[in-house]
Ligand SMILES: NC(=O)c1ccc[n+]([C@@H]2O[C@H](COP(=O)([O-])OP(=O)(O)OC[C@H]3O[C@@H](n4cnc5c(N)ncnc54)[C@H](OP(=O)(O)O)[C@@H]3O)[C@@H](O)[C@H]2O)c1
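Only one chain is given next, in structure tokens, and it is the form predicted alone.
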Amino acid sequence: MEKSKVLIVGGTGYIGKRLVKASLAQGHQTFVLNRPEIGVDIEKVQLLLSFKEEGARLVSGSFHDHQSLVNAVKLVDVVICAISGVHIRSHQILLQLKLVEAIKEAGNVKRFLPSEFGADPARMGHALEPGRVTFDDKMVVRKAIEEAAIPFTYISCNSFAGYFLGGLGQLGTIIPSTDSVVLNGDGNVKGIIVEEYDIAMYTIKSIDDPRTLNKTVYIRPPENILSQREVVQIWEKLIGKELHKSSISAEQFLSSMEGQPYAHQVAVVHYYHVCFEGCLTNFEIGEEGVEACELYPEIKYTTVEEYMKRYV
């Protein structure tokens, strides 16, 4: 089967740049939206040029220019958006409504993957303020996609390894300590950690698969379904040293939001639902979803221990 032509929006971002590389690696004709909004951000410009050297095609387009989006979308079969929805970077999820309008007008797109790449927003209707804004906005985009009858795939990839493992499950640090760690509650709530390039590989693998059409793809590497305490134990094994452990209660954790910037408050809520509530693992995948590792066993994912060796 001929591989789909892919447009990646947000290709210079944290997940976006990995999606570009994964798309090229899997042999797709890959287009990357070059938005004038990046201005004189030389690092992003250089990254775009490196994509071009690797075989990607840069396409000019802006969320502030509807026709430019329509023109870009008409070049491809699949559109993947990876613009930021994390407030510590930026929160641009609702900009995708403009992309939905462009896809609807173009009329040629066989699959749209909006920017989700985290917990499944459809299961987060109970999320606390102010963190729930992330999930609410993603559901607004989903509603627009489905009302426009645009074929879709939603990617629920759970926790990014760089953030969760780098901080040993602690908010606000991304380099693992060799001395101490604060456990969230008893540290025994299970989460799911996925290496970022693996997320991209599974995502690109799904775009031409009829089994993922109009489904949510959950990425749940079996060996990476671990509690914070288990992650810490892996780290202790790697460094040959036991860390001093203390703990923080759910009430103490949530109270840490007081007086903090809005972006930090959002992050606290997200960590609370993952680390205290277990929102990534406290449900079974139903008929509306499929699991990526079962669909694509040929992809050798990075285990937590393999990932953490880089910090030793």
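Numbers for residues come from their place in the sequence shown, where the first is 1. All values reported here derive from a predicted model rather than from experimental measurement.
Heads up, the form predicted in complex with the ligand isn't pictured, but that's what we're talking about next.
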query: Interface membership of Ser90, the ligand in the predicted bound form, 4.5 Å heavy atom rule; finding: yes
query: 4.5 Å heavy atom contact, Leu95 and the ligand in the predicted bound form; finding: yes
query: Partner contact for Tyr14 in the predicted bound form: the ligand, 4.5 angstroms, heavy atom; finding: yes
query: Partner proximity in the predicted bound form: Gly169 to the ligand, non-hydrogen atom cutoff 4.5 Å; finding: no
query: The unique member of Ile38, Ala250, Leu58, Val70 whose heavy atoms fall within 4.5 Å of the ligand in the predicted bound form; finding: Ile38
query: Selected contact from Gly118, Pro221, Pro176, Gly191, since only one has a non-hydrogen atom within 4.5 angstroms of the ligand in the predicted bound form; finding: Gly118
query: Candidate stretches 78 to 86, 231 to 239, 183 to 191, 97 to 105 - the one whose heavy atoms come within 4.5 Å of the ligand in the predicted bound form; finding: 78 to 86
query: Partner contacts for 42 to 61, taking the ligand in the predicted bound form and a 4.5 Å heavy atom cut-off; finding: Lys44
